[in-house]
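Given as structure tokens, the chain that follows is alone and in the form predicted alone.
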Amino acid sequence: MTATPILTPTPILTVAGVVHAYGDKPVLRGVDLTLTPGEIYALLGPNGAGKTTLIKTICGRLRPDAGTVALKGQDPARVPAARACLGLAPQEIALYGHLTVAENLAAFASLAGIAAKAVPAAVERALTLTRTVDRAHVPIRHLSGGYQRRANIAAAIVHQPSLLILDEPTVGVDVDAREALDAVVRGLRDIGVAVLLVTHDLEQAGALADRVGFLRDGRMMLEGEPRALIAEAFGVQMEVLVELLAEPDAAGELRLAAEGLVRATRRAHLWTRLDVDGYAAAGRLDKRLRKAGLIPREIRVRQPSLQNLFTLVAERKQAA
């Protein structure tokens, strides 16, 4: 009895060796990327890494200086039909504020070339997929930030694209709204839509993405399944996260640095380090900090995250 071969899905998006420069300034330096149906791919990287330029090439707005971009096997810069299989929800809300959600979707459906008689069904489908049916007749300007984001996605998928690009979808939304957005994205993945998520929200990327890619200086430095990448980079190390009762002064910052701690965020009272002996190290660290007058509100020990991995890549500590 012969084994049934495992079929690899045909990629919806293929980026191969893409190079682009603005004048004499290289921006993309041989980028490769593939995306298959029903996959969420998070594109990560610091400002200036080349993410925006890469998205423009995928959308057909820029022709690369070298390399190829193909949507369902066709060049989006030259073939309108290729661009038709793409939906883009930009970072800025790209909707008419005085129109309702349903009116916006009808307008975008018509612009996408959907026949007039098919527009109502297309609008209803987009409303359902983005869980905005209850806000269908509310003007965009009267919606919360979270609902505006979902309506933005609805406008991007009203023509039923195979690939959806989401550019910073969680900007300006609270935790509850972010969870609702995540549910929408997972629902789209479940019906076979490929999702390219461009984000600085590493928590969202870690929760949603099947694969992540780290772009830095126009090169794809690291790519793979998030948990596998984290395990490979950090092994048995744990993250020790220290939240102080008060912001440290200059002397306190020096003491924290001597303990191998660095700021975890822009908040001066949150510090972090990696340690192979996480829980025992946390206990010893608590005693030393208290002795130095740096009182922890809380010390947590957790698995390393995409934030730790992002820091490695952004600081050029991770090899290509």
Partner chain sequence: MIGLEMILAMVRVMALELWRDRAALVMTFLLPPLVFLIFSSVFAGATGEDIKPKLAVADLAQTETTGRLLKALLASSEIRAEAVTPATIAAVRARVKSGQADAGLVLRADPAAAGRPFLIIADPGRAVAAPLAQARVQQALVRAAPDAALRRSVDQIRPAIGDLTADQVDNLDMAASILRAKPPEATAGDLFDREDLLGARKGGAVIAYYAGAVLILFALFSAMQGALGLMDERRSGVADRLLSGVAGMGPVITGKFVFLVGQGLVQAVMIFATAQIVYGVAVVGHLGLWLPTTLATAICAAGLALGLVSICRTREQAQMLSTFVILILAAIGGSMVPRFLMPAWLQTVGWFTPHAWVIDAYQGILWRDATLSGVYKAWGVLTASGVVGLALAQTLARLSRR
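This is a predicted model, so every value here is computed, not measured. Positions refer to the first chain, counted from 1.
Here the subject shifts to the form predicted in complex with the partner chain, a form of this protein not shown in this document.
K.L.:
Going by heavy atoms within 4.5 Å, which of 178 to 186, 230 to 238, 77 to 85, 211 to 219 lines up against the partner chain in the predicted complex?
P.N.:
Of the options, only 77 to 85 has residues within 4.5 Å of the partner.
K.L.:
Looking at V171, L99, A121, L245, which is the one with a non-hydrogen atom within 4.5 Å of the partner chain in the predicted complex?
P.N.:
Looking at V171, L99, A121, L245 one by one, just L99 meets the 4.5 Å heavy-atom criterion.
K.L.:
Taking 4.5 Å between heavy atoms as the contact cutoff, choose which of L202, A136, I93, L143 touches the partner chain in the predicted complex.
P.N.:
Contact residue from the list: I93.
K.L.:
At the 4.5 Å heavy atom threshold, is A250 in contact with the partner chain in the predicted complex?
P.N.:
A250: no contact with the partner chain in the predicted complex.
K.L.:
Taking heavy atoms and a 4.5 Å cut-off, does T128 contact the partner chain in the predicted complex?
P.N.:
Taking the distances in the predicted complex, the answer for T128 is no, it never comes within 4.5 Å of the partner chain.
K.L.:
I'd like to know whether G67 contacts the partner chain in the predicted complex, with contact meaning heavy atoms within 4.5 angstroms.
P.N.:
Judged by the heavy-atom cut-off of 4.5 Å, G67 is well away from the partner chain in the predicted complex.
K.L.:
If we define contact as a non-hydrogen atom of the residue within 4.5 angstroms of the partner, is L62 a contact of the partner chain in the predicted complex?
P.N.:
Yes, contact at 4.5 Å.
K.L.:
The partner chain is absent from this chain, but in the predicted complex, do L254, G260 and V262 each have a non-hydrogen atom within 4.5 Å of it?
P.N.:
No, none of L254, G260 and V262 comes within 4.5 Å of the partner chain in the predicted complex.
K.L.:
Give, in sequence order, every residue of 136 to 160 that has a heavy atom within 4.5 Å of the partner chain in the predicted complex, or say none if there are no such residues.
P.N.:
Residues within 4.5 Å: R141, N152, A155, A156.
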